[in-house]
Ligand SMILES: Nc1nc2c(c(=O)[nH]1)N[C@H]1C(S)=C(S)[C@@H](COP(=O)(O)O)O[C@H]1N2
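Here we start with a single chain on its own, the form predicted on its own, put down as structure tokens.
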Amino acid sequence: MNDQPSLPVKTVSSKAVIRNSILSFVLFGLFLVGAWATFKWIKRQPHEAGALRPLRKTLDFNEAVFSNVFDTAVLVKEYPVSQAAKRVRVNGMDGLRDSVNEETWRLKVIRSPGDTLQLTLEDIKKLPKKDIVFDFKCIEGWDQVTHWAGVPLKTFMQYYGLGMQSKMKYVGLQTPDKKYYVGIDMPSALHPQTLLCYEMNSKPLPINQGFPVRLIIPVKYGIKHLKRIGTMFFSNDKPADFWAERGYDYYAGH
């Protein structure tokens, strides 16, 4: 026997059902009209830095938020070497189509106009080596645990007397043929896991992975990991960035 009092049953008239249904359709229609009008308005806006202005403003806002909370003491998760992929995915050959000779290749570090260091691979390899195994993330949506090694960019800059340059806002990187280029905010460049990388899976970098030296920057998506670095320079203004010019996020952090 159930001693619980029965709940009252609310009866809804057919007129109320019709009225509510009509209201729902009207509101949904207004939403669709508003969404379409907003889409058409966005499409009419001028481009700014490779993207429609409202989209670029949104990306700039996101960059301001995430750069303000970025902490160089927070490390990207690392994995044991046993979990690293043996066949590392290759994504893009921009800047890699010309041949490269290890003997004649130089990393040109522009300290200031008219003052350029020209460093060999051995000049980089003589510095303390760091290995990192992390989850490499692509802005296209895929990821892969990969194993890399090289010298931390922060260590490199300290060794070669780039303290004044490290106080600037950005590092610019270009391939030798200048067909691929990125701009990196200085806090991310000086993150302890950012490497001037010359090894993959304990072997010299393959040509399609940026031989002889590439950037590995685990706090960024793959579009910032420039392969085959030819030139490095420093600036307080945002350097040109290949994918940002094509509408992508300049900051590209994750």
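All residue numbers are counted from 1 along the displayed sequence. These numbers come from a predicted model, not from an experiment.
Missing here is the form predicted together with the named molecule; even so, the following discussion is about that form.
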Since only the chain is shown here, I'm wondering whether L153 would be in contact with the named molecule in the model of the complex (any heavy atom pair within 4.5 Å). no
Margin query: Given that the named molecule is not shown alongside this chain, does K220 nevertheless sit within 4.5 Å of it in the model of the complex, heavy atom to heavy atom?
Written below: no
Query raised in the report: At the 4.5 Å heavy atom threshold, is N91 in contact with the named molecule in the model of the complex?
Result: yes
message: Quick check on F134: any heavy atom within 4.5 Å of the named molecule in the model of the complex?
response: no
Given 79-87, 159-167, 106-114, 138-146, the stretch touching the named molecule in the model of the complex at heavy atoms within 4.5 Å is 138-146
Within 198-228, the residues having any heavy atom within 4.5 Å of the named molecule in the model of the complex are N208, Q209, R214, G222, I223, H225, L226, K227
